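In structure tokens, the next block holds one chain alone, the form predicted alone.
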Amino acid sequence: MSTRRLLFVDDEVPILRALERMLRVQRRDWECHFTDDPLRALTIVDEVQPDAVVSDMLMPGLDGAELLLEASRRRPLLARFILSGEVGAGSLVRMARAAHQCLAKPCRGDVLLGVLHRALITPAPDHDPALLRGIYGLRSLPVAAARVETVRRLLARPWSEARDRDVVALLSGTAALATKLLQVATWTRLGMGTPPAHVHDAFFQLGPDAVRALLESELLTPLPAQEATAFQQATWRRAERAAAATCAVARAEALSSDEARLAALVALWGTSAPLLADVSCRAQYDAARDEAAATAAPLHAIERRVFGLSAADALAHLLQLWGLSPAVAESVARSDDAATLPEIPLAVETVAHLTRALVDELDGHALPESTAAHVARVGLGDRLDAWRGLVARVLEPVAA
């Protein structure tokens, strides 16, 4: 593996020296550069072409958000982090537009090293550059405008447990809202503890006011029905149905509430993964989907041949770049191929994958051969009919 180049920017020299001492353990694999001048940092970006920039937020002349936005313009395949001691709520959206993650200052060495190791993508020679640019450059997620308006109307009602339950259900079935809510919830922790792993906890950690602010922020791009493509609308609907059905099946099988919510999130993200490939390289992805439909070949196999990685792989990279639940990200990466699923019959991933397949079956698609083989291998065949009936009942109100 080639040496990774990292640039650290902070106007406080003692902080830079501490970072330099902390990172000596990585000197064989990481080439680290340090500067206390944000303007000089841009020159270093041009000269060194780093793989990542870690910047303080509050600096004279150029703050961290401005620095990272300009650095990303000069070098699109750049992982961007803010390391800050104090961040006000009003800065979060600006930071989230510029950086992939935010960490607290002072930051423990093992925390910083862990974040960088998980987030840095090692591109393979066959990885499509356009898809990689999509992973690094995605800042605002598209979402159906009608869904945003529905959540907004619900939040305008007086508080009740039923209202919050309905809001969480809508957020949990909407990939853009779930993802950005989890990202903001992670950022408000500023690296000072375990962030929420699923939408339910993120909502109750942040509260309704933060969700209202998210709906109005630049982190989302609400699309009216006439502006969303047919593929976007179909994928949004399929993801919502997959998440709702997966949560119901997980609870029927006596998985814990947290496991059911994680299974629903894996199903939501796994189903939504093609949207990342679609927005990054639409013409190529349309051709890949047409080939899959014409040949009955697994779409993920064609994605890997065309792009060097599947849509689920790409989304898993993005989730780790944003610092969202590494375990869930790894589950998403495995979610498009039953051959990679755990042998434990009722593992979260297995429930998510099989329920997604049953949702597709309900819409007229046969179970993939690899999925049917996994069902037989783990001995779930006798449960499948019961799951089919449950999925059909759960999806009746969604379809309506």
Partner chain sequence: MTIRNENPTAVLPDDARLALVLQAVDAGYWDWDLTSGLVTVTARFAELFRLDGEGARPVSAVFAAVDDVDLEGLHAAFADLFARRAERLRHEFAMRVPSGDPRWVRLRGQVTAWSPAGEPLRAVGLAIDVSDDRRRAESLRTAHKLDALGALAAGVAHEINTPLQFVSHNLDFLASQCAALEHGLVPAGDDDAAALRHELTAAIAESIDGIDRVTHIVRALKEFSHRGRTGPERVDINQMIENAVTLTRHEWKLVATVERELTPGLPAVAAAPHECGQLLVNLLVNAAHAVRAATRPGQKGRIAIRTSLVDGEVEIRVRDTGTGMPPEVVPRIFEPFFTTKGVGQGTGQGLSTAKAIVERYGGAISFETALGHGTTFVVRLPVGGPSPARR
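Remember, it's a predicted structure, so these values are computed and weren't measured experimentally. Residue numbers count along the first chain shown, from 1.
Keep in mind that the form predicted together with its partner chain is not shown, yet the notes after this line are about it.
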Problem - Candidate site 289, 342 and 377: all three near its partner chain in the model of the complex by heavy atom within 4.5 Å - result: no
Handout entry: Interface stretch in the model of the complex with its partner chain - options 98-106, 319-327, 275-283, 202-210, non-hydrogen atom within 4.5 Å
Key = 98-106
Problem - Residue (of 244, 143, 112, 214) lying close to its partner chain in the model of the complex, criterion heavy atoms within 4.5 Å - result: 112
Handout entry: Position in contact with its partner chain when the complex is considered in the model of the complex, options 83, 314, 178, 268, heavy atoms within 4.5 Å
Key = 83
Problem - Interface membership of residue 384, its partner chain in the model of the complex, 4.5 Å heavy atom rule - result: no
Problem - Contact test in the model of the complex: residue 59 vs its partner chain, heavy atoms, 4.5 Å - result: yes
Exercise for the section: Answer yes if any heavy atom of residue 391 is within 4.5 Å of a heavy atom of its partner chain in the model of the complex; otherwise answer no. Expected result: no
Exercise for the section: Go through 13-29 residue by residue and record those having a heavy atom within 4.5 Å of its partner chain in the model of the complex; state none if no residue qualifies. Expected result: 14, 15, 17, 18, 19, 21, 22, 24, 25
